[in-house]
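In the block that follows, a single chain appears as structure tokens, in the form predicted alone.
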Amino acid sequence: MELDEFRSALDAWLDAHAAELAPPFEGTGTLDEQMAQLAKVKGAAYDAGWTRWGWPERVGGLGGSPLLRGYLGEALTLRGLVDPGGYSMVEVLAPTMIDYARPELAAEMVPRLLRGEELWCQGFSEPGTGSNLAALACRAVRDGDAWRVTGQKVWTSFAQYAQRCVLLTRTGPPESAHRGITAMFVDMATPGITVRPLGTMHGGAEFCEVFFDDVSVPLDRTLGEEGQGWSVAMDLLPFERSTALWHRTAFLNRRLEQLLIDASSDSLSAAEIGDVFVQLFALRARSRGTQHRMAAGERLGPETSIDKILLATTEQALFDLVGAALAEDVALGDDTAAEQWRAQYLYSRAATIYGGSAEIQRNIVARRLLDLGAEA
């Protein structure tokens, strides 16, 4: 199916099913409500065939360009049917599963993710390692036909709702750094796994600590080969920093439109609005280019750090404008709209941290794109 045909047919379907797809809550809803809404919308869209477009037939997809699934995420986000953070996990994790899992495992698992039957999480970050992913210490040792995993992860998004985890472990000696890392696909119901949600200042508990205490993971759940985990991570992270951001860009555009409705005319200057609009336009143009490069079969790499930098600075610029124009609501308001603006303003403070900090992204651009040399 071509993009124009897909867009027209999808928009007509969304219009026809607007009432049944609408969230049953006002504002952002609780995290429990957001996850239930996400599963409902993904299930309905899968049954109608929409979430299968843009994915390979070997994992239950209907084929076609990745641009089709990009437009689906944009349309669902623009209509306020899903939160872009939870929805984007499909774009982050499914490509890695397709590329590195055993074909039989990918064919079994990916449809569950697409239809909303399951949610997956990403076990990368650890306490004490900061942005130095190669220093991870969560340990996996061979035990017959299984790995035995012991260690801790942190900042694991939606782990309390996840049925599976794409996990990075150390299988080589600590001094082997990135060469001693192995990726695996872990069932979160396995004995020995403990999940502890972490409260955040915006009022949610999206992030979690995850503890692994001698957890058994079958060898056939290894993603790629033993010791290939760094390659898995380097293939995954560009998706987290690029195509998944397309949905959040749509969300930011929607919030700017709402701000112009909610704010008084004397609380915003044309220059301030114009500055944020230009940043959003640049972000969308950059993200669109990345979508089309992926659709053309190009391999994504360190250049996606530019996408992430633009997203972070644009999101904070927009919500800085919100904080100035709706200061009383953000600080003191108690109605649904004010609570929504406040939560989103506070969440935007993390935009330069989540998905790779702005400092790390700029280092990647400097070293790997501009060839300015290694850090001193």
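Position 1 is the first residue in the sequence shown; the rest follow in order. Note that the coordinates shown come from a computational prediction; the quantities given were computed from them, not determined experimentally.
A second form of this protein, the form predicted in complex with a small molecule, is not displayed here; the remarks below concern that form.
- Looking at 143 to 151, 273 to 281, 199 to 207, 74 to 82, the stretch with residues near the small molecule in the model of the complex, meaning non-hydrogen atoms within 4.5 angstroms, turns out to be 199 to 207.
- By the criterion of a heavy atom within 4.5 Å, residue 324 is excluded from the residues contacting the small molecule in the model of the complex.
- A residue is said to contact a partner when one of its heavy atoms sits within 4.5 Å of a partner heavy atom; residue 229 fails this definition for the small molecule in the model of the complex, lying far away.
- Residue contact with the small molecule in the model of the complex: residue 13 places no heavy atom within 4.5 Å of it.
- In the model of the complex, residue 239 stays away from the small molecule, with no heavy atom inside 4.5 Å.
- A heavy atom within 4.5 Å of the small molecule in the model of the complex is found for one listed residue only; from 9, 353, 21, 365, this is 353.
- Interface residue among 267, 129, 258, 190, judged by heavy atoms within 4.5 Å of the small molecule in the model of the complex: 129.
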